[in-house]
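A single chain comes next, written as structure tokens; it is the form predicted on its own.
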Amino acid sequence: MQIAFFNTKRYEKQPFEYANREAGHHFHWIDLPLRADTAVLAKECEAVCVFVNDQVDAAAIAQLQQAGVRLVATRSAGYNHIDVPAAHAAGLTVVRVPAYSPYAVAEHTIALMLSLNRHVHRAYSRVRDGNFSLDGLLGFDMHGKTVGLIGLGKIGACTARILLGMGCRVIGYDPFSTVDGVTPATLPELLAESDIVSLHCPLTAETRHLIDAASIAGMKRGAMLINTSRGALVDTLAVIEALKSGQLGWLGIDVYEEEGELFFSDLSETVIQDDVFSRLLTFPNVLVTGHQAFFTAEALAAIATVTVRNVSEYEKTGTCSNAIV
């Protein structure tokens, strides 16, 4: 098939070309994100491949349909960036990568926890400036602390096993899943008891701003919040107020609800226009990474392999086992 790859980065090309060596699809690499005004670039392609910061809304889908596209393949597990009902109405099939490397995201989650707790990011900068003072770098033992995981799917389960191995008490809120060693809890119980709260659930209409002013008020004062899932699970303005008041002690995020114009780009020579995001960066107890939790060699290889397999299955059968229904 002819596939238009939108929003592609240099590091993606090699694993996709390798995964495609037998399938023989034709890739058209496009640096621009998919939007309604860039969808025309998919003309004469039967499929488009998109990522989490593409805007595959109804307007873009209408343009894709007009261009002759029949398949939207997202190289991600989440698909909240795609208007799936609009795609189905236009006769387009949408497929995803349901799992690639839960270990990658789980390990990055732990890295955020440990870096914030032991002030690794601040210590790194200090030492490079010749400052070896320990003032302001006091942390706490993770052993024996209570960590609440919201979502116990593949990534949440991997995170739980690492934390259990560190001697943490792990509690979890998930209406659909349980994990050995993890104590089930209601959401209010989890928020009230946890020293650290970590988010591992999908973004839906029900989970949007799951962490808002009310839920933060129900947390332990000075607790740590980690989000490596989807940015809009967190009400950023509410988090900023909680950081200012001390209700929230630490924040570690790999995702941000308005990240579309920021992440996956080099903006070091520009002035960031997002005032809310800029405010977050002023807090010494906030650590932000740019949606890199998934970013391991193993995960990239798995994403490429499954995406190519999805396209091949659709080409041969007109459907796909990883189609979103």
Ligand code: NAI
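From 1 onward, residues are counted along the sequence shown. Since the structure is predicted, the reported quantities are computational estimates derived from the model, not experimental observations.
Unshown form predicted together with this ligand; subsequent notes refer to it.
S.K.: The chain here is shown without this ligand. Which stretch in 140-148, 87-95, 123-131, 154-162 comes within 4.5 angstroms of it in the predicted complex, by heavy atom distance?
M.R.: Flagged stretch: 154-162.
S.K.: So in the predicted complex, does any heavy atom of Leu287 sit within 4.5 Å of this ligand?
M.R.: So Leu287 does not count as contacting this ligand.
S.K.: So in the predicted complex, is this ligand close enough to Ser229 to count as touching (4.5 Å, heavy atoms)?
M.R.: Yes, Ser229 is a contact residue.
S.K.: According to a 4.5 angstroms non-hydrogen atom cut-off, is Ala293 in contact with this ligand in the predicted complex?
M.R.: Because a heavy atom of Ala293 falls inside 4.5 Å of this ligand in the predicted complex, the answer is yes.
S.K.: Taking this ligand as it sits in the predicted complex, is Met224 near enough to touch it, meaning that at least one heavy atom pair lies within 4.5 angstroms?
M.R.: Met224: no contact with this ligand in the predicted complex.
S.K.: Taking 4.5 Å between heavy atoms as the contact cutoff, choose which of Thr183, Ser115, Ser177, Gln247 touches this ligand in the predicted complex.
M.R.: Comparing distances to this ligand in the predicted complex, the residue within 4.5 Å is Ser177.
S.K.: Could you tell me if all three of His119, Asp275 and Phe283 have a heavy atom no more than 4.5 Å from this ligand in the predicted complex?
M.R.: So, no: the whole triplet misses this ligand.
S.K.: May I ask you to list the residues of 97-111 that have any heavy atom within 4.5 angstroms of this ligand in the predicted complex, in sequence order?
M.R.: Residues within 4.5 Å: Pro98, Tyr100, Val105.
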